[in-house]
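Given as structure tokens, the chain that follows is alone and in the form predicted alone.
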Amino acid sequence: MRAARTVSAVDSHTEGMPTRVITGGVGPIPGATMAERRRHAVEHLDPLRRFLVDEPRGHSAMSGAILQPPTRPDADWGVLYIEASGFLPMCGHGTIGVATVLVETGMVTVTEPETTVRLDTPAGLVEARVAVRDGVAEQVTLRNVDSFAVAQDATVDVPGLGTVRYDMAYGGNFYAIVELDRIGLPFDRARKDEILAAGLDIMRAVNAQSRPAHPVDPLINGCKHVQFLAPGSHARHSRNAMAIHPGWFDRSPCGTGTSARMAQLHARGELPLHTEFVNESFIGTRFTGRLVGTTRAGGLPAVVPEFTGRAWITATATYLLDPADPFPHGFVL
């Protein structure tokens, strides 16, 4: 058995969405902060990302997280998020997966009934409170990065769809939030190809007309997510089909999307602080969220979101690259 590259991982899924947690085989990435490390990875390590998430080792909806030494003294681990669309500043379901893996593999000091894990991410410090019983991580509550509304009732002209009305919000990534029935499609997995195509068209149009950018870190920019709301969604219980660039659906309710949705609802005066909000995925799994405070992000009014979900370890693996492998960086079909 030959290997030009060897990477160890613990695979998990969070409410249906995979997270491949890279525990070995990747050294410290250059950068004084995780944001700088993400910038370096975007410029120099994309072949590694593709090796881990694309076929034949991954798939079109693969997601992962590379563990790193933290760059700040108040964090236990640093995390660099990877998925089919690139290197993310933050990933909610991925962080739940990371926290679960760290606890159940003993990579952090575990206390019961709750273990707090502080993670240094490109979007900022994220605190994960893990409910632990008999060594098992039963659920994880994340205090996410500051989230905020960017635009309400914005419109964009989309070829084939006409004028589409959307709200834009940030919860670690930018989300165009669209009522699905306004574009004439049902909340039906049998129509998923049409919904996904509409989402990609909306992303392209939004980025061409009014590309969002974070007021503090301009590297966090662009809309790669469209959160399609099912009919009947409201400020206590929302259902979504989350279309993501370059062409897949989030299987989980989406953690950063839940944060963005709560920020949008709060900006509209519909979701008060300390009020339970349930966000349901396209496959019926759920996160429960709440807003625990207000703040400001680069001068913009913002909220402090928390959400709770579950993850399960599915495998431990060592991924190898044979020197003769014709797909050293994977492929996309």
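Residue positions are given as counts along the sequence shown, with the first one as 1. Computed from a prediction, not measured in an experiment: that's the story for all the values here.
The protein also exists as the form predicted together with a small molecule; that form is not presented, and the subsequent description refers to it.
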query: One stretch from 252-260, 132-140, 115-123, 147-155 that, in the predicted bound form, holds residues within 4.5 Å of the small molecule by heavy atom; finding: 252-260
query: Single option in 91, 79, 243, 177 placed near the small molecule in the predicted bound form, where near means a heavy atom within 4.5 Å; finding: 91
query: Proximity of residue 225 to the small molecule in the predicted bound form, heavy atoms at 4.5 Å; finding: yes
query: Contact of residue 248 with the small molecule in the predicted bound form (heavy atom, 4.5 Å); finding: yes
